[in-house]
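Listed next as structure tokens is one chain, alone, in the form predicted on its own.
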């Protein structure tokens, strides 16, 4: 009797899937990394986190660990934060499902190199002055799903031809529990800008990370990219990340006084004076890539001096206009915009450093410069920014000696890694990542 052949398994057109959740950190390179776990294990993972190692924080934006003081030893955990949860569906296929979290020691205490802990400590330092900060990140990017066309600057035609990407992005951001504010074609070819509403400092930094990842995730599903790199070509138009800040105390908004110089209330003026005083060092956190400094050059609508300007888009600190007429509404709308930043920065490090600099200004009762006063030049390279950070004795107190020295080595290794590449090649390298 002939043998009966066993049936050949047929591949399923739709394999069974199990939802996964990604536990992530936005690290020193401004890259979101981590591990995924089954959604069924969510409760236990919120409690115990996911394994991590010290040298993971030294992963360059290009992938390899170029240098590390931590070696192969040690264990840490990434603990997902329920307040930073994203679950956004885009129709067919897996959703964007992730938690942002903190890097902790295995006993649950904050790890000294954790970006979110850096920001939390800055927030606590500001609170000792009876103040808290609200922020909003305004982010520019290039969307590859539209052809570049002459005359598209701020044009309805450019808005029309992005084929609904903006509306889908607004819906996805709202699904991620953010508050979309605006979407617009920008100055450069295929360039757009998206903003979300202001939030308390930690939530604002989380929101900045979420916005970038939702934009990238949506573009990916449409077969395109949302590129946040500061420069796509050395002589092109830059993508900036502008950070809007306002301060409040227990009584309410504390930043605005229409009778004061620049409209900045005397109580908080030292905060912004501190940012100006430490701006060369701040650049190492807020413009932390080699490519960042191709943007920070004259005639690019980007800052080149450590200055404060009234409604001046070429200033490092810009006092934003107020469109409200009622005094109470004006006080709530009034904010100061920091423009020496881009999306190669971790929002936690960028905003944390700004707050620490502001607290240093409050501690020292610094005064704002007189209108028209001569301002120092910003660093012209990342190496100059790192030199300024190392030379700034106050800035070096914002972090532990271990964390600060590791961060400076991390960034100097990035410079060395690109030393033999041309500006065009460097722009391409960052555009591949961001």
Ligand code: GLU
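On a predicted model such as this, the values are computed, not experimentally measured, just so you know. Numbering follows the first chain given and starts at 1.
Same protein, other form: the form predicted in complex with the named molecule, not shown, and the subject of what follows.
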In the predicted bound form, which of the stretches 220-228, 240-248, 94-102, 255-263 has residues with heavy atoms within 4.5 Å of the named molecule?
240-248
Give a yes or no for residue 300: in the predicted bound form, does one of its heavy atoms lie within 4.5 Å of a heavy atom belonging to the named molecule?
yes
Contact test in the predicted bound form: residue 116 vs the named molecule, heavy atoms, 4.5 Å:
no
Please run the contact check for residue 181 against the named molecule in the predicted bound form: heavy atoms, 4.5 angstroms, yes or no?
no
Residue 79: heavy atom within 4.5 Å of the named molecule in the predicted bound form?
no
Ok, 191, 139, 286, 307: which has a heavy atom sitting within 4.5 Å of the named molecule in the predicted bound form?
191
Please tell me which of 149, 160, 313, 174 lies within 4.5 Å of the named molecule in the predicted bound form, judged by heavy atoms.
313
Counting heavy atoms only and using a 4.5 Å cut-off, do 186, 295 and 339 all touch the named molecule in the predicted bound form?
yes
